[in-house]
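Consider the single chain below, provided in structure tokens and representing the form predicted alone.
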Amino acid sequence: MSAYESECCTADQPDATISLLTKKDFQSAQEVKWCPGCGDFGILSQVQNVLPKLGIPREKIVFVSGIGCSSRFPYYLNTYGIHGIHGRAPAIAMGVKCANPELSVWVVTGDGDSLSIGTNHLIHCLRRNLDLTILLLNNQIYGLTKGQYSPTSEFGKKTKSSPLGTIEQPIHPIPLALAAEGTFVARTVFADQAHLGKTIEAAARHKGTSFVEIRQNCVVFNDNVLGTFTDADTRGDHWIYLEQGRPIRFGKDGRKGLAMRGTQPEIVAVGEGGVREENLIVHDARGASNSQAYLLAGLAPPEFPTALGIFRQVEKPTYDDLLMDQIDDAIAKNGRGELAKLLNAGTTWLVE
């Protein structure tokens, strides 16, 4: 078992009854409707693979979505679900979790949903650290509304709404999540189903807000946006798999590595020019500082490969636990109270 697999599978084993659930139990009767070749099919499949492993009954799982292609997810899962409004999925999910902390709450959203009108809700959800899981499907385009540039589209992108090329700089989801002090921040890609499944499972098992950016193409309006990133023959040179406590290596047979030259990262050839494995950066997602996570999140083509895996994974008190503690303390001190008395307490006015 790899370090990554060990990291993903440390939760208690589910009880015997719930463990009998299978992937099929989480498939709804709805016909799955996305464009042929869309990465959403693979993402849905991996979510349905992960859910039986968690040992949580279906009636205690809620999927919340906003607006976009990704927001069809609640229809395709045999759990509770809410198809919300544009950008508000994190806000709805926060309300659901606070109303019933026993629920396993998931948000499935897209780059046009949560990084445009919903950016503030996403940021506040991350900083509050409620115990829920956010899957952000990033294809760098507005797919449902037929191909306008999105907040994550690259500078100069020509689309129906930017025929001369967009003059906006893109939002980068991972640095944004790190800036909001997310306690679990990760990136994966639809083209690597094994890594996708492991990352989703690790996120689901984390206590706190888990944020996973899932990179993908839009086969109709933004096909091949990831380019060689998804080419099985060459992607080893374009991806870095982050593993906790391991030196950062990539490329064929791990011959390349990432080292620091002063304050800047550089690509080195392991075994050449006196470069040894101990000269490489050792990945630490669990450190107190965000500095390494920011550095790795900033790696981008063509100068560097793209980093995949868990950038940050730390434990902090969750908002929902703290909220319930406050409520319990208030009840212990003052009793349960009565609504009618509360409405008539304090300073009141009589309007005649």
Partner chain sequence: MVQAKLAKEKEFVQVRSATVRFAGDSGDGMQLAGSQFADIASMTGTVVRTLTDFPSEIRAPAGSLGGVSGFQLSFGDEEVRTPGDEPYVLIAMNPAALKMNLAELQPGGIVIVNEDEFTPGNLAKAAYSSNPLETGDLSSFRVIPVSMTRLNEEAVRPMNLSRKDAARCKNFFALGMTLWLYDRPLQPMLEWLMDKFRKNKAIMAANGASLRAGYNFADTAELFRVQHTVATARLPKGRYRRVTGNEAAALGLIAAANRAGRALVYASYPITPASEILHELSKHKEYDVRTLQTEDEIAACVAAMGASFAGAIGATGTSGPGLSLKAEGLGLAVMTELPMVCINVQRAGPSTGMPTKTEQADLLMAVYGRHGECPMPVLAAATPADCFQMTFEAVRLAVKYMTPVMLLSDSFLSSSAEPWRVLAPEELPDLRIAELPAGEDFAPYRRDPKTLSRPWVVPGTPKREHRIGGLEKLDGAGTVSYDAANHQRMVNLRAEKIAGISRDIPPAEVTGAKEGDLLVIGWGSTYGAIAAAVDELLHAGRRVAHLHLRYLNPFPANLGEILSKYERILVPENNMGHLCSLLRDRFLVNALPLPKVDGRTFRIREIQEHVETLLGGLFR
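None of these values were measured; they are calculated from a predicted model. Residue numbers count along the first chain shown, from 1.
Omitted here: the form predicted in complex with its partner chain. The next part is about that form.
Q: Does residue 255 make contact with its partner chain in the predicted bound form, using a 4.5 Å heavy atom cut-off?
A: So residue 255 does not count as contacting its partner chain.
Q: Wondering, does residue 207 line up within 4.5 Å of its partner chain in the predicted bound form on heavy atoms?
A: Residue-level check for residue 207: no, no contact with its partner chain.
Q: So in the predicted bound form, does residue 330 come within 4.5 Å of its partner chain, heavy atom to heavy atom?
A: Output for residue 330 is yes: heavy atoms within 4.5 Å of its partner chain.
Q: Answer for residue 79 alone: is it within 4.5 Å of its partner chain in the predicted bound form, judged on heavy atom distances?
A: Heavy-atom contact with its partner chain at 4.5 Å: present for residue 79.
Q: Exactly one stretch in 232-240, 192-200, 207-215, 120-128 has heavy atoms within 4.5 Å of its partner chain in the predicted bound form; which is it?
A: Among the candidates, contact is made by 120-128.
Q: Work out which of 251, 227, 95, 247 lies within 4.5 Å of its partner chain in the predicted bound form, going by heavy atoms.
A: Flagged contact: 95.
Q: With the partner left out here, which residues of 334-352 have a non-hydrogen atom within 4.5 Å of its partner chain in the predicted bound form?
A: 334, 335, 336, 337, 338, 339, 340, 341, 342, 343, 344, 345, 347, 348, 349, 350, 351, 352, in sequence order.
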